[in-house]
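Listed next as structure tokens is one chain, alone, in the form predicted alone.
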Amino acid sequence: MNSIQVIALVAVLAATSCALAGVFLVLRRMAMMADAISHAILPGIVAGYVLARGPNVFVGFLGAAGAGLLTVFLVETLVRSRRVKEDAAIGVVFPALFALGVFVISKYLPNVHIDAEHVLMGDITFTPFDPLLLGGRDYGPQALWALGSLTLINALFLTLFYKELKLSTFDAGLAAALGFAPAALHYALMGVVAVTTVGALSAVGAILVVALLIVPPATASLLTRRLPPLIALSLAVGVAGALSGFYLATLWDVSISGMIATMLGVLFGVTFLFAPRQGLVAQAVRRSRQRQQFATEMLLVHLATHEGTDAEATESDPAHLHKELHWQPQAIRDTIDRASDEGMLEERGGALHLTDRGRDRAGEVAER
């Protein structure tokens, strides 16, 4: 594979591994935990560098994963104390750990290849030139092996614990009663998120990792309420954002990671506006139809109430409805036309008369 193909494949694998790990994170309303872990692993990377006396991928990975799990533990400890809410606990823990990592780097390791900007931004462009060397043999880019392995691990984790994760996410009490140990599943999920974050961070940076973890599942959740399609759509959105962002970045010669994150935002924005059931446009159309239906039913009930009374002639006059119902003339005309088109009233001699269908509909509304 050439370097362009490697970068595209790294982007796709990062998207798939993160989307798989992020689905239940979004469902559990713990999206900010991804941001916390992605920033708080910095002191773990520093600790790995110090312990290994220099750059070491394996030790650095362990240190970063340990810092991610430490973040989860500290947040959970604060939440269980019942004195700090979850969002506040995250806001306390991850800035403190990230700041600690920045302090140690700037104070004691200013001349080594660890810097906060690299951790935050990453640079997927250089992944083809960072090979995995074992026994003097080149096995290809490290990022492909790392992200490919993470994709398989995350897919296996979701497959093996699908029912348990589903039950503990939507009904933790029932999961505990059935002996599924929701607390253990929670820490296992957080461990998967931490390892995924660490594995993807070196290739794409913390900012894009958060986007890949959260935006695809959040976008998919606007399109479906069923879990299997949600997972599939999360993968599709992540891959679409990765490939479209990569293509536009190469076309316009801009940051690949930044463009991928931008395209994920675009996909979310389009879905937020035009999703068939939950999009803003669909909701606006639905509210408009509900208002029209309410107006039609209100007119039918009004006419049915005064039908056969001495006030029928006055109350069935369209001009009188402006005073009686406090509607604008155009709104009255639109409602009359709509009810007439539906065969529920007729307009004869300047007065409105219910049809049998309109009379039945008014009775149904009155019985609600």
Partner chain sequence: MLHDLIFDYTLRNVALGSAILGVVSGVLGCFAVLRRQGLMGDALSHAALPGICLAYLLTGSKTPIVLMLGAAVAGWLGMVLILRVIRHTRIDSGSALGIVLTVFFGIGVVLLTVIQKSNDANQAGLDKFLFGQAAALVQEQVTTMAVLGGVALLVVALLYKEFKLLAFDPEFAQSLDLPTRRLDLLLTGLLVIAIVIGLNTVGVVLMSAMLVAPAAAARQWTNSLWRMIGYAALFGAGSGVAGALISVSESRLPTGPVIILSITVILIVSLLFGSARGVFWDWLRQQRNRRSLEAPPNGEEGAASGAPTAGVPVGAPLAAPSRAGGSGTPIIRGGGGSGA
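Positions refer to the first chain, counted from 1. This one's a predicted model, so the numbers in the text were calculated from it and none came from an experiment.
What comes next is about the form predicted together with its partner chain, which is not displayed.
In the predicted complex, its partner chain lies farther than 4.5 Å from every heavy atom of Glu164. At least one heavy atom of Gln278 is located within 4.5 Å of its partner chain in the predicted complex. Though the partner is left out of this view, Trp145 does not reach within 4.5 Å of its partner chain in the predicted complex, counting heavy atoms only. Although the partner is absent here, Gly265 sits close enough that one of its heavy atoms falls within 4.5 Å of its partner chain in the predicted complex.
Of the stretches 155-163, 195-203, 236-244, 217-225, only 217-225 has residues with a heavy atom within 4.5 Å of its partner chain in the predicted complex.
Only one of the listed residues (Leu62, Ala304, Ala47, Leu27) places a non-hydrogen atom within 4.5 angstroms of its partner chain in the predicted complex, and that residue is Leu27. In the predicted complex, the residues of 67-83 lying within 4.5 Å of its partner chain by at least one heavy atom are, in order, Glu76, Leu78, Val79, Arg80, Ser81, Arg82, Arg83.
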